[in-house]
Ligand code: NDP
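The chain that follows stands alone, in the form predicted on its own, written as structure tokens.
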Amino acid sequence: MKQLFALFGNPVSHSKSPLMHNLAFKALNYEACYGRFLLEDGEKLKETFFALGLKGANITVPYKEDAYRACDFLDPFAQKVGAVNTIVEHDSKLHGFNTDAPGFLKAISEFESIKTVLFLGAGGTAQSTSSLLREKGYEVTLLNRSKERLHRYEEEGFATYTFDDFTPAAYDLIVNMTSAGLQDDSLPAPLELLKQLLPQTKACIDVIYGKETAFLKLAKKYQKPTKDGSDMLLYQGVIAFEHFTDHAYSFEVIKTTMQKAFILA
């Protein structure tokens, strides 16, 4: 009997995750199928998971903190950062992992001499990646529209600012961690702020993939190297697949099969 996996989020229609995982399942002759589910209420994540008869799931915005609360067991890193993007069912219990941060770390490794990083946004993805980046020796600053989401970062000793109290400075890498630009041409921060930040940075990343966002277009006007979220999506997907299949395949083997999703679509 085929195992069932799915992506939970809102929106989910744009996601490459089903194609990535299904290509890997097929290539590796693994009896499984991966779909997507538009979740309207994060509080219903756990009951929906069981109602659909899933073996595992990935969780995208805005439900990574809901996924954290839904799990019966958490790996040490997910527990530390308070956000889950990968769930696997074992004996009717939900085990939560976070593969976003390791995926992001691998994605930025090709940029040289990056030390200081500015995150635009302070949601679930920023939670996990800020923690891991700091562990690896990066200096992370968070800039967010509102103060509320920044409290936990302040408590953890990160430098945090809102648009109102921020003074632009030089950062080696600027990352859009928000969904601004996913469905429109909005920017993750006020244009005037970005015009002061971008000339001073070495590179820019947007976690959104599959389109050149307004943020990346603006960065290119300043001749900055840019990267969308494709590599991050690929690498976090490979690590999630390792959890889904109980580490039956190597990272490189999974990566080779999943990469085809970016050629096909």
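In this text the structure is predicted, and so the values were computed from the model without any measurement. One rule holds for the numbers: they count along the sequence shown, beginning at 1.
What comes next is about the form predicted in complex with the named molecule, which does not appear here.
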Just one of 120-128, 70-78, 133-141, 86-94 has heavy atoms within 4.5 Å of the named molecule in the predicted complex; which? 120-128
In the predicted complex, the residue from 39, 238, 204, 207 with a non-hydrogen atom within 4.5 Å of the named molecule is 207
If we test each of 107, 180, 194, 173 for a heavy atom within 4.5 Å of the named molecule in the predicted complex, the one that passes is 180
How about residue 219: is it within 4.5 Å of the named molecule in the predicted complex, going by heavy atoms? no
If you check in the predicted complex, is residue 61 within 4.5 Å of the named molecule, heavy atoms only? yes
Please tell me whether any heavy atom belonging to residue 116 falls inside 4.5 Å of a heavy atom of the named molecule, as the geometry stands in the predicted complex. no
Could you confirm whether residue 146 comes within 4.5 Å of the named molecule in the predicted complex, counting heavy atoms only? yes
Using a 4.5 Å cut-off on heavy atoms, what residues in 92-118 are near the named molecule in the predicted complex? 100
